[in-house]
Ligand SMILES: Nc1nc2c(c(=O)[nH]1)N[C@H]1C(S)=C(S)[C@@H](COP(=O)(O)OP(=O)(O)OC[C@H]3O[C@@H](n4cnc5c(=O)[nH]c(N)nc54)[C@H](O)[C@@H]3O)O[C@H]1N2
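Take a look at this one chain, the form predicted on its own, written out in structure tokens.
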Amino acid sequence: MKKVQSTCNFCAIDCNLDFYVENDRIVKVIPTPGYPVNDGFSCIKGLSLNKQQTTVKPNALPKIRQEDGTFKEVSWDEGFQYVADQLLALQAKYGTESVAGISTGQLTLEEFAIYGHVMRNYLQTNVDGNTRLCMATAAVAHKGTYGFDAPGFTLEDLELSDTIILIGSNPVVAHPIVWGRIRNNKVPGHKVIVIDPRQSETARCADYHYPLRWRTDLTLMYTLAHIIIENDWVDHSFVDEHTEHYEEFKTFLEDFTLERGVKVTGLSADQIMELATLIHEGKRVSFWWTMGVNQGYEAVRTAQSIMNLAFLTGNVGKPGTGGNSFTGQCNAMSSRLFSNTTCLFGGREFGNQADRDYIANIIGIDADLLAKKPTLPYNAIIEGINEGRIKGLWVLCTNPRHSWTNNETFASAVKKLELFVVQDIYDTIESAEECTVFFPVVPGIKKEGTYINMERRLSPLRQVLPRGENEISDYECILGVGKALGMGEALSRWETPRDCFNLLRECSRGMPCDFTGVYWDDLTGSHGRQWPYPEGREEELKADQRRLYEDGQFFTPSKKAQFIFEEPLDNPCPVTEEFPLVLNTGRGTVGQWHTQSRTKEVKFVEDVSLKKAYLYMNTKMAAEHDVHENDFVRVYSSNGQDAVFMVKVTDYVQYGELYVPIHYIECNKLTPSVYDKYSREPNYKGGTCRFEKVKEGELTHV
């Protein structure tokens, strides 16, 4: 029996797992003891990765839809050439940007890069990913405030903080290993504080829960900052030496009185003052946000308002502190910095000629052939299809028919495409139903590459099982299309993931994310490496857990962090007489993941997961409408769509709010086409709606 250490490719913790293999079968999976992230622990999703060895179709070949609607199986070379010819033909007929791509946060570092090279450099077109759906807000907020998309924490900080504040974050369900780290905190008298409209699973386990009104986080953060300044609870030494624009921020906050905070947030004056006092009295205060912040219409400013509180109180760069963002998907950090979408490889600038020359020299092409501008964002790609400007779409490792906000707009879009390529493990996902080409690729247990987790740690994905006949990886699939496009020498340095990794090492040189001291073989069987890890400083940086900003130096031109702020916006989706209820969305259970294309294969997860879409309704509200447990209601959204859900009655959601788990396609049928103006991240948690009870005789028509 052999043991292969590899990385779980579900969430952004990037747990390492030991796979025990015998006769080309995984016989057991054990979380890697001593690995700095998870140290012998894992959630049910990671432990179930062995299920993919029996559920992914073996010996699969590409399929091309014929004129009669049926699929024809073809060789890989024929599939590559067909897609390449179609892409070039569409560009010749309709223009360069008439084709586009959508990727994910679950590809490897190397797959992001080669896809960005083929589509953004060679074809000079647009590619965005579902990182836009979860982490674009944090990336934009970090870049503005820190000068680079560089979250400064290490997960160890959860065990060192005496005051842990979770804002729109539910790690009990979404990040179980994070919750394990919080429970492992041994700081005497430490406190766990949750700010969330819903009494989430995490809120029920916390010491304090502040159930603010829907989408009022920004006003609450500004009110807390006002109180901290008013009471002179400011760390003036840190603010004076390491930040800019404090005086402007102080003046701006004059209008954010306690009275205004009470009126807007729905919290009492005593609650807001108690929270401000807890922040002041903490010695090591850490603020952590996730999708409850990121997926909003003013999300970037909300994220920056959280970081502003850390700056005001000097809770930056020290153990157990920081204004920190939990990441959603396993490799969103690679997507943010190495996909060639919003920046050149390594976080370099499209418009900087020195950056262009440097990258071009490494990858072996003329600088004029590099992408020249950031990509169109996800929403603009879907809108471009519906408006007839984009005719071809290549989707990798994601399921936007299910996950895209207001997802009927995606359903409409794909019917207008002349070429719709879906590349995935499963041909059963909703997005594959209308595709013209399906590329079947292997799961992570049969490929290799690199992941970068939420604390900047590079971890190795290593091949656990041998491949069967015809089986190829995402990387090889993209490479095959690139060669069929005629890229020639432009791909000569990209033959393998290892080759690509070495290119990206050099692309990172001298940047905040420099990992030139990290080598492919050294990652195998390792504890991973957090960037920055530049060549020549290996001994100095060998510690398993490292945080940024300990010296008070940031990545802005002045080396100082920026206070960034803005007056809160009017809610673009207000409750009205017609749509008087709030529609909130989020995770349902630990075992389910996103659109369930992967976790539905795990029998013991499926056995305990509801098969029908459901929602949570407040007990009092249910009684007023004569709605009972397991009744069905039809929810009408202000976006013009409706869907049917089974009701679970609870006191854990506020009166006037419905909470819908994201794992069912009905959920995002109802979410609005509204976006943060800076990050273009969808306002998933900001819809409005009404409902009607479905009568028993009508259920057969549901």
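None of the values given here were measured: they were computed from a predicted structure. In case it trips you up, residue 1 is the first one in the sequence shown, and so on.
Below, we turn to the form predicted in complex with the named molecule, even though it does not appear here.
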With heavy atoms only and a cut-off of 4.5 Å, decide whether residue 198 touches the named molecule in the predicted bound form.
yes
Classify residue 403 as contacting or not contacting the named molecule in the predicted bound form by the rule of any non-hydrogen atom within 4.5 angstroms, answering yes or no.
yes
Looking in the predicted bound form, any heavy atom of residue 685 within 4.5 Å of the named molecule?
yes
State yes or no: in the predicted bound form, is some non-hydrogen atom of residue 564 no more than 4.5 angstroms from a non-hydrogen atom of the named molecule?
no
Select from the listed residues 290, 331, 375, 223 the one whose heavy atoms reach within 4.5 Å of the named molecule in the predicted bound form.
290
Have a look at 398, 324, 335, 161 for me and say which one sits with a heavy atom within 4.5 Å of the named molecule in the predicted bound form.
398
Interface segment, criterion being heavy atoms within 4.5 Å of the named molecule in the predicted bound form, picked from 84-92, 252-260, 539-547, 444-452
444-452
Is any part of 583-612 within 4.5 angstroms of the named molecule in the predicted bound form by a non-hydrogen atom, and which residues would that be?
584, 585, 586, 587, 589, 590, 591, 592, 593, 594, 595, 596, 597, 598
